Structure formats: C-alpha cells, structure tokens
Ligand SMILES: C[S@@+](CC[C@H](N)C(=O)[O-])C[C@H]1O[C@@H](n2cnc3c(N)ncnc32)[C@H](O)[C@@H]1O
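Given as structure tokens, the chain that follows is alone and in the form predicted alone.
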C-alpha cells in the first residue's frame, strides 16, 4: 500500500505514536549505531535516528515519497548519514547489518500486506546478532460491541431500498468486509479479551489462526467485534490503538455480524478467526457462534470471509484453473513486444516508434505508444 503525502503528514502529527517511537529510539539508538528504517516514508524516523547519534541510516521505501525524504534530509543536514534506497527490503542486500531496525509497517491490524514476512526477513538477514527490532511485539485484544450507527454504515445502502430499488444482494457482500471503527467503553457488551500475539523477535509464520470466546456482561443488541492491538515498541514503551483510548493513526477494526443479535447476560460468543496471506494481501475468515444456556441450538451462527466480499468474474476465475491454457491477447502481444525491445539498447522513444508501427490499430496516436512504453519502463526498466 502506498500512502499519500497528506497521510504521512497525519502520521507525523500523531503525537502518541511519535512520542512512543522517539522514546524507544532514545533507549535503543546509541551514538555510532547503524540503523535500518524499513518503510521510511518521508523519513521522519531516519532523521530522529541521526539526531540521536546514528552514524549510518539505511532508509528503505518503495514509494516515490522517498524523493521528498531526500529533500527533507538535505534541509536538515543529514544527507551524509542517510542512504535512501527506493525498493523493498526483502529484495535488497546491504553492505552491513544494523544495530537497530525500525519497521512501523502494520495497518489497522498487524496482518497487513507484506508486513510480517518483511520483518522476519529483516530480522534474519539485516540485523546484527543481539540487535534491536522496533517495535518488538503486538498483543491483540477484542470485544463484542453494540454499534448501531457503525453497522448501519455497512447495511443502509443495501437494506433501505433507496429510490424504491431492491439492492439487498449487496448486503452480504458488504457484511463480509471489515474496516476501521471506534467505540466507547459503554458500547462493549463483554470485557476485552486477548486473542493473539505477534512477537516480531521470534515470529516465523505470516498467517493467523486464533480462537477466542466471551461471556456477555451486559445485555444489548450486538453488531460485531471491535479488535485492536497494544504495541510494545520497546521495554517500558507501550502504544495502543484501543478504540476507547486517544485515537492514533492505525485506528481499530470493526468486524460486523451478518445480522444484529439480541444478547442477554451470560450468553457466550465464540469466534474462530484466521488471516491467510495470499499473494500481496490477506484473506480474512471469521466464524461466529452465539449460544445461550438452556437452548439446544445456537442462538446465532455466522460464517464470514472477505472472499465473499469480492464480486467474482467467472471468466477471470476460469483463467486461474491449473489446466487452463492461456494465449496472449493483443494487449499481451504489445507488452511482450515492448519488453523484448528493452533488451536491444533502444531508447523509450525508439521503442515507442517500433511498437506503434507494429500495432497501428492499438496506437492511432504516437503519444499513446510512448505512454505505454514509459509505464512498462517504470516497472521493468
């Protein structure tokens, strides 16, 4: 995921987060230390590391924000100590290992894009024996909440027959997604329970599989789960994304039920939750069972997954079957021709002229061919 510059600005203004990391840096970065900042963004953590005496900082960032980070480093007199590298840490080889690795990569949940695999790789290849990872651990918490307004933000567009149309087919799609949410303490129908932990100093597995249960403490109409994490940045330096604490950049997560459930004190809610890394993102699955003493059958049972939130194209699914035999479309032939031309020591303009002559119907204007070559050159050049 690539952040906008305004998003980086909001993260810099997130005082609880920034104060926690600065305190951790003061504990961990000694004069002369070598530091790696993975996902440096606009470089604020790299600047702090230099300010605290780091002799060398490798600031790694795949997005173009790294060019702004270079300007900021120069403006603050740290260009000689920060080496900016545009790329992905798992694909880089550095000339030395680090005393400290900074890697604030997670999103609303720690299982986010390539966060965990990147940290495992960095710990194994880029960190000196006895070196320090920041942050060190995330502990996951959750509770069952009544959140009618938040739930309606999911359900209303599909449930309320706007303009007299039946749009209910979209309801199941929407309720198999999760997103950011906030809740006050009085909205919790259960006490918060710890349901998972990710210790970045030892973790090997990028996927999640957890089971957790709650007993209802106060009656109410339940709409879903509120989940969040407590971060141990370093010993004695905590940070929380709890929904009832001051809000920080990450936010907390709301996982909706398929339908609200009227709960009584003593009811039991059991959640099986998992997150499986598939390619560059996670597939989340959460199964809920609500039981009540004296009832032979569950009061409610929901099987949800963000797999069901996808509107699937049968043609695209067919092409993922192992026995499918693909052939190049005309677009594929164009890209193939451009990539082959890149091996011939031609300029972007020369490649564009060549491909425009080869595929005149695709490129009625020369600028179209030039744009296509430029796009591929940025990816593969």
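Computed from a predicted model, the values in this text were never measured in an experiment. Residue numbers count along the first chain shown, from 1.
Omitted here: the form predicted together with this ligand. The next part is about that form.
- Picking from 302-310, 144-152, 83-91, 271-279 the stretch near this ligand in the predicted complex, with a 4.5 Å limit on heavy atoms, gives 83-91.
- Interface residue among 356, 334, 33, 44, judged by heavy atoms within 4.5 Å of this ligand in the predicted complex: 44.
- Only one of 99, 138, 104, 267 comes within 4.5 Å of this ligand in the predicted complex through a heavy atom, and that residue is 104.
- Every residue in the set 3, 8 and 39 has a non-hydrogen atom no more than 4.5 Å from this ligand in the predicted complex.
- Using a 4.5 angstroms threshold between heavy atoms, residue 49 stays clear of this ligand in the predicted complex.
- Residue contact with this ligand in the predicted complex: residue 53 places no heavy atom within 4.5 Å of it.
- Contact check for residue 372: every heavy atom lies farther than 4.5 Å from this ligand in the predicted complex.
- Contact check for residue 69: no non-hydrogen atom falls within 4.5 Å of this ligand in the predicted complex.
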